[in-house]
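Consider the single chain below, provided in structure tokens and representing the form predicted on its own.
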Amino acid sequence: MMVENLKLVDMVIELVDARTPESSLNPDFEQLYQNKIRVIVLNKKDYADNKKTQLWLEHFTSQGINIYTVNALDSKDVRYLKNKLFELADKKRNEIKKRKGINKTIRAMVVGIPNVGKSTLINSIAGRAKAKTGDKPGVTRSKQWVKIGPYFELMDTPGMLWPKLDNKTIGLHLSYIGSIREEILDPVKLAVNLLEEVKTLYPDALKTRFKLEDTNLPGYDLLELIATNRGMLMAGNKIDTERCATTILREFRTGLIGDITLELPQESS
């Protein structure tokens, strides 16, 4: 469907999660950028490490890519992005007007993996609820055209993952941010892996959020300690690891653990 509609659009806007920019860039989308204005938007910047976000901005800018960071729920951020998109659209429309003498409506396709906030961003830009939103992947089922201005329209598309996830780290990172359906995941294993990563990169964030004195423990031990500290116990004082794991994942996804970025551009790794 996306390929079929390429002939209708002049611009491709890809949303990625600012916490996992590499993992949430869909390699299958590369073909969409040919002869189109390319824009990458790092969403959920308020949950990410600002210093690492700056490195990603430099990384994409050095490749000549239009790159912006936003919190899709922040009106100031959205207004800034909207103005930048209008600038790109106006430039394209003026080029077409010089060649063909017509005021063409510029159309942009908004793409991204599930649960990166495409519909939320479109609604924020439009100033009204036009696209369906939700906190789970797979809410948008078909394309939706949203008129943004007299000569600018956005097309919301379903979130799309690439067919194979051969890289374990990418698979984990996509699971952490909620791009893969929870029904097919083991929350305990996922939370343990997340704790292992975060304790290496941001130990102080774990200590502060979960009131830990020491994070130098295996991931599963940390999970049990957090569950105990929060009184997540079942009958017989058995630790409710699944409930704790679900809580940890939810708090990561909503930024409660701290401003965390799990990936760096390759040249900065």
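Just count from 1 along the sequence shown to find any residue number. Rigid core here is just the name for the largest C-alpha set that superposes within 1.5 Å across the two forms. Owing to the predicted nature of the structure, the values given are computational and were not obtained by experimental measurement.
Not pictured, yet referred to below: the form predicted together with a small molecule.
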Fill in the blank from the handout: In this chain shown alone, the residue from F210, W56, Y202, Y47 with a heavy atom within 4.5 Å of the small molecule in the predicted complex is Y47
Problem - Interface residue in the predicted complex among L185, A126, I170, L73, criterion: non-hydrogen atom within 4.5 angstroms of the small molecule - result: L73
Exercise for the section: Using a 4.5 Å heavy atom cut-off, state whether I113 contacts the small molecule in the predicted complex. Expected result: yes
Exercise for the section: Using a 4.5 Å heavy atom cut-off, state whether S119 contacts the small molecule in the predicted complex. Expected result: yes
Exercise for the section: Can you check 233-241, 63-71, 27-35, 212-220 and let me know which stretch has heavy atoms within 4.5 Å of the small molecule in the predicted complex? Expected result: 63-71
Exercise for the section: Answer yes if the Cα of D77 shifts by 2 angstroms or more between the shown form and the other one on a rigid-core superposition, and no otherwise. Expected result: no
Practice task
Align on the rigid core first; then say whether the Cα of N193 has moved by at least 2 Å between the shown form and the other one.
Solution key: no
